[in-house]
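Only one chain is given next, in structure tokens, and it is the form predicted on its own.
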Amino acid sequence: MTTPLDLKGLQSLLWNFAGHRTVTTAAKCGILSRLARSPATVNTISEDLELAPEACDKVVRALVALGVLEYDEPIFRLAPDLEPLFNQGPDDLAPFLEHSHRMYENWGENLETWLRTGTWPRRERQSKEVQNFGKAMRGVGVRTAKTVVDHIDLEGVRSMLDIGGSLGHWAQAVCEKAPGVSATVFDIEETAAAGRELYRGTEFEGRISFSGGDYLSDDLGKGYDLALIANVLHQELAEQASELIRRTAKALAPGGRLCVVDFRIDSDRCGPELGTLFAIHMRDFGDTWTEADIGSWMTDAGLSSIERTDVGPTRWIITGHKR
């Protein structure tokens, strides 16, 4: 059980939210990517990005206070550890911060209405938004995937199915750890096409392939030693989540394993903090699923020897084995 906030703690929480919005807005406006290229003065930043000079000055000085930037009058620069994260390469973190900014804007507009009525306005993502979402998930997921994969036993694995694997960062983490593995990433066709292009001409082109379709209805293939459902199950309601696990288990070879990687939530759904807040983020089209939920779906799919591995305080791996 978490400790209730006192007034000081509540004030800190509110200011941290303001800090988050300042950082994500700076990313959306290009300030962090601009300073990743080279240090600059406020005037140079505002001119290059066509920003209001006084507003830009206040924001970059707040970013210094937050530890994001360093300042040596009159020059601002990214903190050294952050420079590699905003270099506009395929693992750039800026798209994720922009996604985070849009997510919180959406919450601010719709959370009260949802709480009062139980409805949340929906609209289909446009093509550009699908592309940006893929970049955002890869930007933050590259580092997470490497940490998580270190907790997965890859001995004897030669073929892997990566369900909803976006632009391939989970598959790449597995292939980097186990050079003998080949991976198939299954996602919607638009994302799969972008993944093929991303890996064209790289060292992984012959080892990571992309298949496009609907994972709840299209053929997933068969004979895989390992299947991974990473940060996907929370996008589905119970019936669809159960069906996805069943279909994925069917694609495994005898002796194969299915690993579900997702945000942890306690059986009473009162913690950890990230899991409970993500349940709100998923609203009525998904959820943060408990260990009991996932384990029961694996059992129904014919998997056994189900085990849980915690990866830090907010994430876990639930693994089931096919007989």
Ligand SMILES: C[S@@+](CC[C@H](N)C(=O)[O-])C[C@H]1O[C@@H](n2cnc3c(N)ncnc32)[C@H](O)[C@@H]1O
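These numbers come from a predicted model, not from an experiment. Don't overthink the numbering: it's just position in the shown sequence, from 1.
Keep in mind that the form predicted in complex with the named molecule is missing from the display, and what follows is about it.
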| property | result |
| --- | --- |
| Heavy atom contact within 4.5 Å of the named molecule in the predicted bound form, the stretch among 147 to 155, 209 to 217, 90 to 98, 69 to 77 | 209 to 217 |
| Contact residue in the predicted bound form, chosen from 241, 230, 175, 226 - any heavy atom within 4.5 Å of the named molecule | 230 |
| Listed residue that, although the named molecule is not shown, lies within 4.5 Å of it in the predicted bound form (heavy atoms), from 107, 204, 114, 133 | 133 |
| The named molecule contact at residue 184 in the predicted bound form, heavy atom, 4.5 Å | no |
| Residue contact check: residue 191 to the named molecule in the predicted bound form, 4.5 Å heavy atom | yes |
| Exercise: residue 159 in contact with the named molecule in the predicted bound form, heavy atom 4.5 Å | no |
| Residue 195, heavy atom within 4.5 angstroms of the named molecule in the predicted bound form | no |
| Residues within 4.5 Å of the named molecule in the predicted bound form, restricted to 244 to 258 and counted by heavy atom | none |
